[in-house]
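Single chain ahead, by itself, as structure tokens, in the form predicted on its own.
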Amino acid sequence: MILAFTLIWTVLTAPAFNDAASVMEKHRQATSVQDLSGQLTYTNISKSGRKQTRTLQQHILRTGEGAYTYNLLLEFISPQDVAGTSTLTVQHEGKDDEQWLYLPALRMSKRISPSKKSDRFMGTEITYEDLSGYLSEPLDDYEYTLLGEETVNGRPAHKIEAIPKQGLRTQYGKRQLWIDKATHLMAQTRFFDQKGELLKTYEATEIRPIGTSGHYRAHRIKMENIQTGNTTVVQYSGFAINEGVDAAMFSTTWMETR
């Protein structure tokens, strides 16, 4: 009787973990590309309502070092006082990403220490750690549990809890993820700090196909810092996927000499 109960319990409980892993793998595949380029405009909105807008060009290229490792170059193109400022993220398999900030006034690139990855990127509510997560979900670094299904902005989504594995260097104590069931993209995220308090929320909308590539992308995202009241809204345009990106631009030399 005890053996039979154990077998039944195993059968009943195992799918929850398997389903979470399956959902997250589909999410990673849905965001997987060989290369991507496009433009984004972000607006920072302070708690008092003050707004600041910046426009950037983004380029992404798979590194080939791992199945889901990428290079990301973000280059500011307006307004004039920040034009030419760039950030470079180089992901590695099994070790910390390299991240660099190039400031035209100094004509040099500064490496961002892994201990500084919780810092905000250029005044936004997006951190350098978030930029790496934007490229690919680090499945090996988290334990995922399927919590059920909910509707986000009228679209059915899987709700999943992501707990960092011991030893992972992260600013977040846990995350709650909502994965869109139709496209497998991230529809919503809640970020909790190390004390378990809600820190930020992420929401993706305007999910549409990109030409005939077979890929979908959110064209608008919002990152809201619950603890400070500040918000960053990002609008994307001109997506081009798997149409070719020059590998030479993903280097500090390119940023410093272009």
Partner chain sequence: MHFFNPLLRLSYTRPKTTLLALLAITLLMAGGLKQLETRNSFDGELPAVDPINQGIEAAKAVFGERSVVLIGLEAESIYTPEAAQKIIDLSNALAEVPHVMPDEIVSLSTLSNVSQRPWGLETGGFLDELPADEAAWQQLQADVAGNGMVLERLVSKDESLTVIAAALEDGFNGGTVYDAVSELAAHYAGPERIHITGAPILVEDVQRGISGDSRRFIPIAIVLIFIGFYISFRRLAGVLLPVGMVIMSIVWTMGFMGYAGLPVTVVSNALPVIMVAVASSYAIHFMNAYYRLADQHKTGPALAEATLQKIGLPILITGLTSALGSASLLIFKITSLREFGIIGAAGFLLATFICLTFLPAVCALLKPPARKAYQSAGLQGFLRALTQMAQNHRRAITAAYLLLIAAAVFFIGKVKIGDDYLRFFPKSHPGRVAAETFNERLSGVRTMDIVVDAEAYGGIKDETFFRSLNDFQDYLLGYEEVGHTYSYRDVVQHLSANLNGAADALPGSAEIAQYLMLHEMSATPGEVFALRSEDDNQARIQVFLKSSDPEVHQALYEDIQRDAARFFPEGNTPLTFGGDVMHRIALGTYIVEGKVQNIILALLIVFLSCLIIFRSLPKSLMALLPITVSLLMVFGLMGVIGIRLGISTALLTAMIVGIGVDFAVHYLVGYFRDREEMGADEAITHNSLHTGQAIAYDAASNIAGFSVLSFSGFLPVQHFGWLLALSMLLIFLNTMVLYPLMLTQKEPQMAAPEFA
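All of these numbers come straight from a predicted model, not from anything done at the bench. Definition used throughout: the rigid core is the maximal C-alpha set that superposes within 1.5 Å between two forms. Positions refer to the first chain, counted from 1.
If you look for the form predicted together with its partner chain, you will not find it shown, but the lines that follow are about it.
Visitor: Mark Asn230 yes when one of its heavy atoms lies within 4.5 Å of a heavy atom of its partner chain in the model of the complex, and no otherwise.
Guide: Asn230: yes, in contact with its partner chain in the model of the complex.
Visitor: Should His59 be counted as a contact of its partner chain in the model of the complex, where contact means heavy atoms within 4.5 Å?
Guide: Contact with its partner chain, no.
Visitor: Decide whether Glu149 counts as a contact residue for its partner chain in the model of the complex under a heavy atom distance cut-off of 4.5 Å.
Guide: No - in the model of the complex, heavy atoms of Glu149 and its partner chain never come within 4.5 Å of each other.
Visitor: So in the model of the complex, does Met186 come within 4.5 Å of its partner chain, heavy atom to heavy atom?
Guide: It does not: once its partner chain is placed as it appears in the model of the complex, Met186 has no heavy atom within 4.5 Å of it.
Visitor: Out of 208 to 216, 30 to 38, 51 to 59, 65 to 73, where are the residues with a heavy atom within 4.5 Å of its partner chain in the model of the complex?
Guide: Selected range: 51 to 59.
Visitor: Even though its partner chain is not shown here, does it sit in the model of the complex so that Leu177, Ala204 and Arg220 each have a heavy atom within 4.5 Å?
Guide: Answer is no for this spot.
Visitor: Using a 4.5 Å heavy atom cut-off, which residue among Glu137, Asp97, Glu125, Glu129 comes into contact with its partner chain in the model of the complex?
Guide: Of the candidates Glu137, Asp97, Glu125, Glu129, Glu125 is the one lying within 4.5 Å of its partner chain in the model of the complex.
Visitor: Which residue among Gln171, Asn153, Thr85, Thr145 has a heavy atom within 4.5 angstroms of its partner chain in the model of the complex?
Guide: Of the candidates Gln171, Asn153, Thr85, Thr145, Thr85 is the one lying within 4.5 Å of its partner chain in the model of the complex.
Visitor: Where, within 99 to 135, is there a heavy atom within 4.5 Å of its partner chain in the model of the complex? Residue list please.
Guide: The stretch touches the partner through Leu101, Leu103, Pro104, Ala105, Leu106, Lys110, Arg111, Ile112, Ser113, Lys116, Arg120, Met122, Gly123, Glu125.
Visitor: Leu88: after superposing the rigid core, is there a C-alpha shift of 2 Å or more between the shown form and the other one?
Guide: Shift at Leu88: 2 Å or more after core fit.
Visitor: Glu125: with the rigid core matched between the shown form and the other one, does its Cα shift 2 Å or more?
Guide: Moves: no, less than 2 Å.
Visitor: With both forms fitted on the core, check whether the Cα of Asp97 differs by 2 Å or more between the shown form and the other one.
Guide: Comparing the forms between the shown form and the other one, which are aligned on their rigid core, Asp97 does shift its C-alpha by 2 Å or more.
Visitor: Work out the direction of the Cα-Cα change for Leu40 and Ser115 in the model of the complex: closer or farther than in this form? It's 3 angstroms or more.
Guide: Relative to this form, closer in the model of the complex.
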